[in-house]
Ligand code: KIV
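Below you will find one chain, with nothing else, as structure tokens; this is the form predicted alone, and questions on how it binds or moves follow later.
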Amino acid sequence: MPTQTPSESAADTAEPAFRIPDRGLFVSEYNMQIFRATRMPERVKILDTTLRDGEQTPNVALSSDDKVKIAQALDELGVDIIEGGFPINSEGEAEAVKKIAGAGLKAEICGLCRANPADIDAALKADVDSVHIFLATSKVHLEKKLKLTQDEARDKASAAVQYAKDHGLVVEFSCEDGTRTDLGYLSVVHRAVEEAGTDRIDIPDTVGVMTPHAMQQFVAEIKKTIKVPLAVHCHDDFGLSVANSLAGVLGGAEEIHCTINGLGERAGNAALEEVVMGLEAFYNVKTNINSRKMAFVSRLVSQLTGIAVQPNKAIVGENAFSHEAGIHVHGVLSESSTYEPMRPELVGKERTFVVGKHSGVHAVDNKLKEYGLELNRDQMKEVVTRVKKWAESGKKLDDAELLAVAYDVIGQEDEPAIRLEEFTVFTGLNFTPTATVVLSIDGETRRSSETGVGPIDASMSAMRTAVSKNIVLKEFRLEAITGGSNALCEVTVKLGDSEDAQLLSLGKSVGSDIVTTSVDAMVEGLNRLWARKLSASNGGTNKKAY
């Protein structure tokens, strides 16, 4: 950790300012100074409730198989405790939790239970390692929902914990709506469940009504009378779930409940990726999470739940490490910490430079160099001018369109080396899709036939085989431009070379037939890759690229 004081300049240090070198985190030294003397746990446990609270996101329903896939991903991510679901909720839910419990995962598998023996029995049948028992304790819940007195609720909670312990389960107990429960009564319930044998106590901010400062003090007060480890479970109704979770650790909590992408009831729960990186960056507190797998798990959960991650979402959003403004791009290219508080690869992401209205020469130049194009100063100025005019008209410029602008400016749209002479594809019920192509490559005729999972896949495979098996289809993007069964579609392909990671090309086409439009885009991409490969081979003296 740096010893540099705020008055020292970055130029006087070997590392960029405020850097934690071994992890690629760039944080405020003042922040580190403030909390350096704070007593914090060396490590915090993560309980992930994506499969329970996260599934309670409106319009989300996961199959048993999908739940197991997510649980396996969470286990590989390094989650300590996976809350697999609410076993008594339904037969399907119980089956899913049991599958997760039997999947041989390293994580502790937990089932949610009300303070009822029947709920605990259902969890036992699901073979869980632990139960998370909850009972509401706030005045509004006791009087309006449960119709229980405070003494009745205390006894019910204690009896449920005792029942679970008698059956050999690890127990975590939550006073639901804990942050709106009178602190004195909360202590009464906590003492009762601790005496009954609970292993952990969770403090839920069920409707997200705490501020970080209040949460820290709230947890600290509870910590004074409780011996078992404390956890916090925060909701995001006021956008403070992550801040309150971190504040809970400052107050003495040793476990945080999270969900991937912040999924959950209403506005969601504390996002695991934000909590974990916040703990490490701000407080140097470790978890068992492998942060480099965060982006992958985020995408998986988004895909299986159908809930898209907002582009500006912290850590894992599409824009989290994207830069458009010229000043920012220039800074990042010089030293990434100028506009990035962490290295993108630290969380499994990649840095991208977006070309648009606010772009400058550095962004455009960097993007074109990815595709092997180097322009002189005047050409670059013209490209940037065209890009800005295009963007100001409301048009989003993708890589293929940028390349088209650049080729037009430098006048390098030569006669294509690769021409499509013939193309046929066969597909149907009980028939493996098969495509045959005939290409003319610098006057040489090449024919290839390949099968695939569909007509597009077969066609792409046949074309790659005809040119070179070294060609890799890195991306395929299909977008409908108009509606109806005869809609116009836009296909973009990104190609690479398995022997040279620096070789990239894009092809793009618009048409009404998805298959032929995909083939046309592929021809354009192959021609650009051929030209780049030819240029890279002995300075372009070879006649054949492949």
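Numbering starts at 1 and follows the sequence shown. All figures in this text were calculated on a predicted structure; none of them were measured in a lab.
Same protein, other form: the form predicted in complex with ligand KIV, not shown, and the subject of what follows.
Heavy atoms within 4.5 Å of ligand KIV in the predicted bound form: which stretch in 190-198, 74-82, 338-346, 172-180 meets that?
In short, 172-180.
Quick check on this chain: which one of P204, G278, P212, G452 has a heavy atom within 4.5 Å of ligand KIV in the predicted bound form?
Selected residue: P204.
May I ask you to choose, among V161, L112, A363, A435, the residue with a heavy atom within 4.5 Å of ligand KIV in the predicted bound form?
Looking at V161, L112, A363, A435 one by one, just L112 meets the 4.5 Å heavy-atom criterion.
Does D53 make contact with ligand KIV in the predicted bound form, using a 4.5 Å heavy atom cut-off?
Judged by the heavy-atom cut-off of 4.5 Å, D53 is in contact with ligand KIV in the predicted bound form.
Need the contact residues for 219-242: heavy atom within 4.5 Å of ligand KIV in the predicted bound form, sequence order, or none if there are none.
Contacts from 219-242: H233, H235.
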